[in-house]
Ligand SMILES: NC(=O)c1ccc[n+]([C@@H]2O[C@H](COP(=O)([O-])OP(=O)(O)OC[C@H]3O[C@@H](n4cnc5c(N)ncnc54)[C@H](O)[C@@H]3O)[C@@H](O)[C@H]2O)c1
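Shown here is one chain on its own, the form predicted on its own, set out as structure tokens.
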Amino acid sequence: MRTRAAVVREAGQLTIEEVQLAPPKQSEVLVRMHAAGVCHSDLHTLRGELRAEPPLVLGHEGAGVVEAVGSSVTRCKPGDRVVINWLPACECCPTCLNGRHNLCERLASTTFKALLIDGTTRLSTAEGMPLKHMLSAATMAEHAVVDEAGIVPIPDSVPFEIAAVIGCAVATGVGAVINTAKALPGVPAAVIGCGGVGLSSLLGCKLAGCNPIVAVDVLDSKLAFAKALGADLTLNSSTVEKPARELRGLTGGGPEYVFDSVGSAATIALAVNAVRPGGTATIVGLHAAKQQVEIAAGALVLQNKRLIGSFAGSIRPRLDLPKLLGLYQGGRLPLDGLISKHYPLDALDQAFDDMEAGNIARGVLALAPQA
């Protein structure tokens, strides 16, 4: 079939074009996409800064309706509303059996190379050039084919746009707080970077009962989003000479937990320096993914601090995504305020520009009329 998609033929070159999409194989599902979140990981992939290399179709946050299924599919049927799980874990390798589904051993040779789990692709350009599926998903398209391990059913009461952002930003941000750091109530926490993932970490801190919660960014526009979502205090780190000292002062000696959604050399250092003795700095972002980052060992050892990484919120997708959907339904995760703008597929360039400028909290591509 033919469908429209966000295509990267070469690093830095984005086009919206009609592509060919082969039908789903035995264990695969064809989804009519309704919404796709716009994430920094998509922009990093467009620029060739992550492992997956072009040519490919962008997108990994998404939700839609199943249109067709392969002969062995049991997890869904045509007509089902689903969120895309871009971490299709095998659930049988030693790592999965240890409960670390986000680190499934088959992901390195498939998902992170922008292939489906059988190591192939269903996408090609109109002239027949193969295209890969970003993170086994390729959700920035009108249709997507994914393995059945890459879908999770969603209730009728959850809007597609909410389900889409739960699939990555919310799972990553909330998961870092609840799953990775296992944050406890009644202690101060800070979130560095107030994009979609950072704001989700802020909501995770509220869910965990942390108090006060400090939002840190270099843009006042993003701090305004954080304040609207419940940050108790805000800090523009570009306006102070020593932001770590300022953050410690705001929290009476430093936050017990710091969540760095940026992951640059500067913010990692800020997280480690700001967290109180015995506290935990959790690095979530990937801006320094290909860099060597210097850390002062004394601050870790002499003050008994913990520095940990959190990939995709340490989630077990088939267990945790339904829980997050339930928390939204129950009013415990007020995610409607996280989405600040909708874009047509043809306006993806503008969505990326707005994201980088700090004009939006989370942007979503509207790919089909809401049902």
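Each residue number is its position in the shown sequence, starting from 1. Since this is a predicted model, take the numbers as computed values, not measurements.
FYI, the form predicted together with the named molecule isn't displayed, but the following is about it.
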property	result
Contacting member of Gly195, Pro188, Pro88, Gly279, with respect to the named molecule in the model of the complex [4.5 Å, heavy atom]	Gly195
Site test, Val262, His287 and Ala312 vs the named molecule in the model of the complex, non-hydrogen atom cutoff 4.5 Å	yes
Answer range among 150-158, 201-209, 279-287, 76-84 for contact with the named molecule, defined in the model of the complex as heavy atoms within 4.5 Å	279-287
Proximity of Cys168 to the named molecule in the model of the complex, heavy atoms at 4.5 Å	yes
Residue contact check: His34 to the named molecule in the model of the complex, 4.5 Å heavy atom	no
Any non-hydrogen atom of Val218 within 4.5 angstroms of the named molecule in the model of the complex	yes
Non-hydrogen atom contact His143 with the named molecule in the model of the complex at 4.5 angstroms	no
Sequence-ordered list of residues in 17-45 near the named molecule in the model of the complex, where near means a heavy atom within 4.5 Å	Cys39, His40, Ser41, His44
